[in-house]
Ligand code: NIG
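Just the one chain here, laid out as structure tokens, in the form predicted alone.
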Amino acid sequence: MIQAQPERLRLTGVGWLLTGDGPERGPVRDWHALGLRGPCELLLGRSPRPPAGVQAPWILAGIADPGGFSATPTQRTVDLGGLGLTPAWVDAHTHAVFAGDRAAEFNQRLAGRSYAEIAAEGGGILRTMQATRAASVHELVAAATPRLREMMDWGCRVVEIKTGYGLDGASEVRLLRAIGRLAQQFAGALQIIATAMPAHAVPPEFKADPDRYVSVVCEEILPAMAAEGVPCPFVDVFVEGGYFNVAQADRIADAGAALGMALKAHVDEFADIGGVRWAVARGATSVEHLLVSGPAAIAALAASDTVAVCLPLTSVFLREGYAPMRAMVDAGCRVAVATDCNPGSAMSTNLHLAMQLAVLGGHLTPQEAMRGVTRGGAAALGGDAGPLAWDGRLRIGGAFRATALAIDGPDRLFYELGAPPRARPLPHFG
């Protein structure tokens, strides 16, 4: 019996490579600590026997100096023409599927109105809810498609998208269907991970009885989403004054766990009501926002594997303080950086700018910001054990997921504030 030979691909002309190796936690101030090397070439391979109907991912089989694999039998060679490679950039927190916009609210905030004041008058998430409930799956997909293309232009290759602008069973399922269609549409170019977030706000029909809405989320909406057939590995809940308290969040976490959904939580965006310590105790994969997190919350995160997802674009958009990113890294927390792309508090697809602001406003080093959108972002989606089955590094034997950049080294990403997109699509490898 003739054994099928593994498919192999040689990538030449790599101008520089950042593998993402080095410490997962703690301060880092040198690119070489994250595996930076100069011109090189890569050897990729994949199994000749993937599961039926599934194309096996490319695996990084080797890294060598230029010409190092010239004598190795390969099916194809692709010249990258001097592009630099980093691990794929992961935007681990977005709300990128919605209808309508809230430009008028942005101007209200510039005039001095607060996010909470606008929300209390029926604006905020509830205004987007109204537009989203009226939109079809086709309209939601059409609205989100250019946003996702922009994300790719800025370097993103993996994106998490939360539901949460429907706030009823039919609309939340429709949002999930839209995310599923986008995942198919962008397959091979952008990996999309869905998170169920019907507990994004209490809809107006339940304003007088939020506990009843929590029951609907647990007993009706989440089971309907789990039955839809679109992979939805996470459930998220907004633990915040005026949204959901810890007891309500606990019920939602239980319901999600019963359906196989790991926990995420929006916490400490405006007030600390104990969300971080609750989420850590529940074994949450990540906690997100963290603008007002104090020493106790940071200590709890540092002693856990829960990832702190920091969203500097939201701080700028709302003119609020930054999450204490420097203190988190110094304490030993796992930290990710993401955009929070959404219509009300961070209308931006620019993960590159989020990295720059994490440095300029959050006081991370460039190396820590890069780690935040690669290894940290992957960890916020479960890492090797999650839906990515990837830990955010370019390592021998691991999946090859990369962002290609037309710059002469990673320092350039932080030097040119507001630079045009430097990311380039990798050639189609088949």
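Here the structure is a predicted model, which means the values were calculated and not measured. Start at 1 and count along the sequence shown; that's the residue number.
Absent from the display: the form predicted in complex with the named molecule. The rest refers to it.
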Just checking whether Asp91 would be counted as a contact of the named molecule in the predicted complex - the rule being heavy atoms within 4.5 angstroms. no
Is the gap between Arg102 and the named molecule in the predicted complex 4.5 Å or less for some heavy atom pair? yes
State yes or no: in the predicted complex, is some non-hydrogen atom of Glu160 no more than 4.5 angstroms from a non-hydrogen atom of the named molecule? no
Does the 4.5 Å heavy atom contact test between His266 and the named molecule in the predicted complex come out positive? yes
Scan Tyr213, Phe238, Trp154, Phe234 and let me know which has any heavy atom within 4.5 Å of the named molecule in the predicted complex. Phe238
The unique member of His352, His200, Arg174, Arg334 whose heavy atoms fall within 4.5 Å of the named molecule in the predicted complex: His200
Assert contact_stretch over 186-194, 246-254, 67-75, 344-352 against the named molecule in the predicted complex, heavy atom within 4.5 Å, equals 344-352
Heavy atom within 4.5 Å of the named molecule in the predicted complex: which residues of 139-174 meet that condition, in order? Tyr165
